[in-house]
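What follows is a single chain, given as structure tokens, in the form predicted on its own.
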Amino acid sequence: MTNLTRRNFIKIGAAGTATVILAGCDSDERWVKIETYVRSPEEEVAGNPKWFATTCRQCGAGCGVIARVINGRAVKLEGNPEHPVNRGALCARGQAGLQVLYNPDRVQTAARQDGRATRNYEPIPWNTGINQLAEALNSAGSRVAVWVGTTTPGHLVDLFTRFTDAVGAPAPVRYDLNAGFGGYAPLSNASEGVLGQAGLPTYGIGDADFILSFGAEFLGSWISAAGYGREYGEFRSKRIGKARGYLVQLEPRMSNTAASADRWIPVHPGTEVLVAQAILRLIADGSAGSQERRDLAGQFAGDVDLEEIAEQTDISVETLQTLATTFANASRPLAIPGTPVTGRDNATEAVNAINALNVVAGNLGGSGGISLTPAAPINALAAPTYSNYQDAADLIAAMTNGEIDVLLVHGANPAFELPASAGFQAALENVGLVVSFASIVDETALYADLLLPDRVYLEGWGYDVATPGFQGLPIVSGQQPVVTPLYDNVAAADVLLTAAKSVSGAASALPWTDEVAFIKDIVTQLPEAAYPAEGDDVKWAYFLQHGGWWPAEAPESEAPEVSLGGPVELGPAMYEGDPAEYPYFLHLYMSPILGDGSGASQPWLQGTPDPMTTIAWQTWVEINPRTAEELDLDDGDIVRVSSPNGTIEAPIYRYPAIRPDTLAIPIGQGHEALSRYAKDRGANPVQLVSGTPGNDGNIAWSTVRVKLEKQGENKPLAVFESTVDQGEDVHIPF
């Protein structure tokens, strides 16, 4: 690497040179090198820890964490008790974040691949890599595309957006498994009908006293597990004199949330909205609850046949009546749509069918209901928006048509997260330069020409507008390095800022010297926080010390304008696959341990038993024991699972808490890259769904039928539960 520093480069740029000569991104003034004292000060205690507040990046929730650092090494992560999102809680994935930092398979410098997917990487000086990127961006003009994920820091998304605006390129596509499988787009779109504007809603679980969850795995991997975990704790521990909350979970397979619920109802797959419509009708025609609620229910209740719904949903009319009466009589009832609702056809309408119950409950925008995260107090900080699958498919189409010359990928792994039929890998063949910022070579980086590995989050700066927020607060979560970078990697934001200096139109839009200057510029514009501070330097110091910005009190909000019309009438979900050929419903769920699959690179997570099955290190197919008996299947028998879209193979696990007509498979394994811990382990069930956008632009994750074929092989399961045969008396609820 040359000895040309960033500062000298800026001087060259100011002198008006047109030559693309870019320097490395050294920012020595941002770092303190920690070395052992030759002679320790008297007050210094050997091994005395230091603590830094920062933001977790294991998912997109934006939880605050406290890192314990001893002798320059991060040794422990815990939840930040001050942070309003997680309030001291931290999930297993968050705890394992140290293995993102210390993973032995991290890319340690910039590299060029000698032919896509050849795995022949040549380390290159950062100047060379940034120069190549700058030249390509300069030539591409508006034919640039950026693909980011929910774990991409907000400040980097803001910089990418400013860059694409400046060169006339489309805005970054922000789509990954968290956003797609979590149903961010239909949830956001449906908010427009009940909250007056689009946006990912927050569900006030902590203040509710009765919850109807339509498959929302909020104690597992759904949107913000730690945040909703704290809410659930409040829901269960009411103050003296107040009733303990009551939770009903409707889903075909018992999840973490269903196991913690007061009642699990194994509803027939695809009929969740019929349950909601039946409850609306029963409230409207009954005497439970207030007259206002009955009148509102009458607006949304369609002409439904309760006996027919009972048959379609496998829920008796008596049970439906009990749910309706309890919902109508509750002080603060709440209905939550989960993946079975957002992963079906007409997903936005299906979410609205559930939201109609919240309109009846009168819980919009208030305590114990659904609300939008308040807007950040300055225009430069916008709440994150998420793309739907149609946006991703449109970009893939543009790539296929040769309309994209440069593709930048950060925080997403579409080669793993999308079905093969989406055509992402094939489309890459028509892209001139593919650049990956991944810190570990994943399936998308395999197809990259240039690897410019970003620093991992415990080494890097950043901010995020936390969404969903909690307690009615706008929250800007702060990220700072807790250790000196382990390797010769450069922050992706600094790469972009440096390369943009030579791109026509972009230099003036991105005038900051480095990412810290940009972040500090934004943070110091924020108004008074919960911790008073005066002056830019004190504001900045307190932002880092507390782990972000949030006000002392929630801002006042106006009652939302409801535009949701009635009555709500939506049929059962339309399933792909002929029932005669594909007799079982496929129930995919995101592993609460491995998440979107990125956790598979971390051995702590690989070795953590799944909370419901205690299986680790592999993929499995859950099947009801009676169905297994009919098919002569035992634990560990390898089966081929086929849908109209694809095929995978995995061992059987007999799971009593699943409907006999349903097979469940966790998402997370099946990598062909992503470190030694993830590679060639398990199968990727994403390949069983269709890559064609549904009628509302989303992937139909929850409406696929499959078949099973026994393969005549048995593979022992890595399971922690008892292997003692419990005999005929074991309870099977079907």
Partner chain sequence: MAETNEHGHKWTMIVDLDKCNGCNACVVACHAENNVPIASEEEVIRGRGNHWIRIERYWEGEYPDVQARFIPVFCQQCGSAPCEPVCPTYASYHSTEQNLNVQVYNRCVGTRYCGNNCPYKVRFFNWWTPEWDSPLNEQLNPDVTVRSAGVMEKCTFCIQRIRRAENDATADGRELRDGDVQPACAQACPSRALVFGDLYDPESQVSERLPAERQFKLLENLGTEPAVYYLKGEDTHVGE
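Because the structure is predicted, anything quoted here is derived from the model rather than measured. Numbering follows the first chain given and starts at 1.
Although it is not shown, the form predicted in complex with its partner chain is what the next lines describe.
*Asks:* Its partner chain isn't shown here, but in the model of the complex, which of 460-468, 226-234, 383-391, 123-131 has heavy atoms within 4.5 Å of it?
*Replies:* Of the options given, it is 226-234.
*Asks:* Cys91, Trp617 and Glu721 - do all three of these have some heavy atom no more than 4.5 Å from its partner chain in the model of the complex?
*Replies:* The answer is yes; Cys91, Trp617 and Glu721 each reach its partner chain.
*Asks:* Only one of Pro333, Gly204, Pro453, Pro266 has a non-hydrogen atom within 4.5 angstroms of its partner chain in the model of the complex; which is it?
*Replies:* Among Pro333, Gly204, Pro453, Pro266, a heavy atom within 4.5 Å of its partner chain in the model of the complex occurs only for Pro266.
*Asks:* Which residue among Tyr584, Tyr655, Phe543, Phe181 has a heavy atom within 4.5 angstroms of its partner chain in the model of the complex?
*Replies:* None of the others qualify; the residue that does is Tyr655.
*Asks:* Using a 4.5 Å heavy atom cut-off, state whether Gly402 contacts its partner chain in the model of the complex.
*Replies:* Residue-level check for Gly402: no, no contact with its partner chain.
*Asks:* Taking the shortest heavy atom distance, is Asp305 within 4.5 Å of its partner chain in the model of the complex?
*Replies:* Because no heavy atom of Asp305 falls inside 4.5 Å of its partner chain in the model of the complex, the answer is no.
*Asks:* Any chance Pro104 has a heavy atom within 4.5 Å of its partner chain in the model of the complex?
*Replies:* Because a heavy atom of Pro104 falls inside 4.5 Å of its partner chain in the model of the complex, the answer is yes.
*Asks:* Looking in the model of the complex, any heavy atom of Glu553 within 4.5 Å of its partner chain?
*Replies:* No, Glu553 sits far enough from its partner chain in the model of the complex that none of its heavy atoms falls within 4.5 Å.
*Asks:* From first to last in sequence, which residues of 70-98 have any non-hydrogen atom within 4.5 angstroms of its partner chain in the model of the complex?
*Replies:* Ile70, Arg73, Ala74, Val75, Lys76, Glu78, Arg87, Gly88, Ala89, Leu90, Cys91, Ala92, Gln95, Ala96, Leu98, in sequence order.
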